[in-house]
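One chain follows as structure tokens, the form predicted alone.
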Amino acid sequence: MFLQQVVNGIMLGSMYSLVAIGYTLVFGLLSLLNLAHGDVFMIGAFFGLFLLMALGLPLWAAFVGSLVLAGVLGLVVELLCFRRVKPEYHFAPALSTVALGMVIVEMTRRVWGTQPLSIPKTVEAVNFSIGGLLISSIQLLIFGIAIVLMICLELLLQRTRIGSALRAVAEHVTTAKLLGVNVSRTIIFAFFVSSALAGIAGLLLALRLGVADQNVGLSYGLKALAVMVIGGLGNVRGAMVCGIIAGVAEVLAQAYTSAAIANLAVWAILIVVLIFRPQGLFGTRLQTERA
């Protein structure tokens, strides 16, 4: 059923959105890419399942644990790869985050092994039939958490002082300093939030797939990076909406064509957008500000 596939695509796309927002926050502030972001997303799943299985904690505690660990890893990435890099060295942070991402993957293998980690049987899905649509409790949980997080982030950016500080730094660092914004703390906060969102998204994906896999950091991280470009560099709302679009497109392609074509769906959208609207569907951050 077409509507069933759309629902499945929205669930997948909401996770793309959470990861893409992380890329967008960092790029919007520094105009630099954090290529370890996908690996932070991956380890959030493993740590969350560890809390569920080894420590027997409830699901909500696993989400909090994934959020905190991923957020702390984001601070480590900022400290090691971005803080002391001069603005003219554009490639240094990207290369160093690739190296740090490899370290994170290797640490995951040392701790949890090389095989995918299955979710415990205590986390069982209950299926609901709503108007002919089959929706599981896991899907509702994924969608509910993703939407709440995106709404909270939008309110934080638009209605709070720290949100004003983030937007000021993204617009012009020197002007933000003159206005009394603590730029260093603002950047640190952005790294924590972006990585925390990725950690939660990682655990959500593990619940959706039934396993935590070390390979998802690369595959899903790259697709989320493409989503950021499709939405517009540095545009948080663009990342939110285009993540959903990409997820729906991928699931529909898999349902009506093949898995191989589905894996190319996001990249096909990216190519079309770059040809006809290279600034992204929602425009880049600078274009949005000038408007």
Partner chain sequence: MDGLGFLIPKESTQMMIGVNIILAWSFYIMISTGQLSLGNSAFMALGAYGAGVATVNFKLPLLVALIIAIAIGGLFGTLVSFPALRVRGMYLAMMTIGVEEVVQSFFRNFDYVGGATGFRGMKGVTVWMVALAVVLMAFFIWRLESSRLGRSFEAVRDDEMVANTMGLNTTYIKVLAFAIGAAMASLAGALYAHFILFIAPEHFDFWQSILPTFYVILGGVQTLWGAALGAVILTLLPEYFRPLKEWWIIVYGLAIVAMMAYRPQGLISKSVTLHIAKAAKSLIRARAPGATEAREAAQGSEVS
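Numbering follows the first chain given and starts at 1. Note that the coordinates shown come from a computational prediction; the quantities given were computed from them, not determined experimentally.
Although it is not shown, the form predicted together with its partner chain is what the next lines describe.
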Options 146-154, 197-205, 102-110, 171-179; stretch whose heavy atom lies within 4.5 Å of its partner chain in the predicted bound form: 102-110
Contact label in the predicted bound form: F27 to its partner chain, heavy atom within 4.5 Å: yes
Contact of G238 with its partner chain in the predicted bound form (heavy atom, 4.5 Å): no
Contact flag, G280 vs its partner chain in the predicted bound form, heavy atom cut 4.5 Å: yes
R84 within 4.5 Å of its partner chain in the predicted bound form, heavy atoms: yes
Site test, F2, L117 and S136 vs its partner chain in the predicted bound form, non-hydrogen atom cutoff 4.5 Å: no
Contact residue in the predicted bound form, from V211, V183, I162, V98 (heavy atom within 4.5 Å of its partner chain): V98
One residue of V251, L225, L51, L67 in contact with its partner chain, assessed in the predicted bound form (non-hydrogen atom, 4.5 angstroms): L225
Contacts with its partner chain in the predicted bound form - residues in 237-264 whose heavy atoms fall within 4.5 Å: A260, L264
